[in-house]
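Listed next as structure tokens is one chain, alone, in the form predicted alone.
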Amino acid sequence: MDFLRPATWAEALALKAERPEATPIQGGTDVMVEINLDKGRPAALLDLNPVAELRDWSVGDDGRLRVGAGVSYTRLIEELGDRLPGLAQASRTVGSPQIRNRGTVAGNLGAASPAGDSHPPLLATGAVVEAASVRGVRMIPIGEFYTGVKRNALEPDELIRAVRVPPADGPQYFSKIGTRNAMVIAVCSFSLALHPSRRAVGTGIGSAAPTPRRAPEAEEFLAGELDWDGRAPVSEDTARRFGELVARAAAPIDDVRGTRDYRVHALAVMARRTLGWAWRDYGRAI
């Protein structure tokens, strides 16, 4: 196994073009586990840690936050938690403090596991993945990024350069169920984002389908039911129906972490709970 260590982004893209089979690593918190468990040995590792520009974040001309591929979960929580609350909440559930110090959202995207914690809030907020190669830069809407179980839309010569996420314009919440309280892979997860400026709702479902996915029917229903101006309480019927539509959007399986039926039930519960938390916050923001 070859170990490639570019010093600059241009060098990284050139190496990826030359060796498209090389597996990129940033924190290595997913890739190295697979190697250590002998679940796969890449032909080459492309270490992006020395590329300083990947560790930066900025605000783009469109107002979106551009989070570099090397920004760790810890930094995202500490530096962007107030502007990306849903993603920050999900980041707090990732592994241990040591893992959060090394792991990145871009690495989560590259692995494309259905159980990845960052996927639901990225879907709920309408993030865009910035992919780059020697051929140029390509913007991939998050809903088009996941193509199958642990597969994504990147071309063989492309690397994730950054993730572009709109700052929160309303309450956001992330909920996750696991077999214990910490350092656990999600049995299922759910994220909700309210967008009062356009009276819209965003959702994200994790670990309950071959890929992370939204619940469009649930989003449309809830956006039409919420009292955006008066902020009247959400009725029990509305909350229950929202939960049912979220659960209907999932396509879970039975596996070692949980059954299909449990995941369907849990998603409905998480949808109702996150809605209650988010609407409470919205009512307080008068």
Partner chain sequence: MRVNLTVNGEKMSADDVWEGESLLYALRERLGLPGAKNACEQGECGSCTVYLDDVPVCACLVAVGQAEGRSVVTVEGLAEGETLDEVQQAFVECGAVQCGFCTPGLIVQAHSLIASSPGIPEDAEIREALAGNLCRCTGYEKILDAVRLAAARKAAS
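Residue numbers count along the first chain shown, from 1. Given the structure is predicted, the values throughout are model-derived calculations rather than measurements.
One more form of this protein should be noted, the form predicted together with the partner chain, which is absent from this view; the next part is about it.
- This chain is displayed alone, yet in the predicted complex one of Arg102, Arg199, Arg164, Lys150 has a heavy atom within 4.5 Å of the partner chain; that residue is Arg102.
- Here is the short version: of Pro97, Pro156, Pro141, Gly136, the single residue with a heavy atom within 4.5 Å of the partner chain in the predicted complex is Pro97.
- Taking non-hydrogen atoms only, Asp227 never approaches the partner chain to within 4.5 angstroms in the predicted complex.
- The partner chain is not drawn, but in the predicted complex it has no heavy atom within 4.5 Å of Ala223.
- At a distance threshold of 4.5 angstroms between non-hydrogen atoms, Arg5 is in contact with the partner chain in the predicted complex.
- The closest heavy atom approach of Glu244 to the partner chain in the predicted complex falls outside 4.5 Å.
- Proximity to the partner chain in the predicted complex, taken as heavy atoms within 4.5 Å, picks out 36-44 from the listed stretches 235-243, 36-44, 255-263, 60-68.
- Applying a 4.5 Å heavy atom cutoff to the partner chain in the predicted complex picks out Arg180, Ala182, Met183 from 176-199, in order along the sequence.
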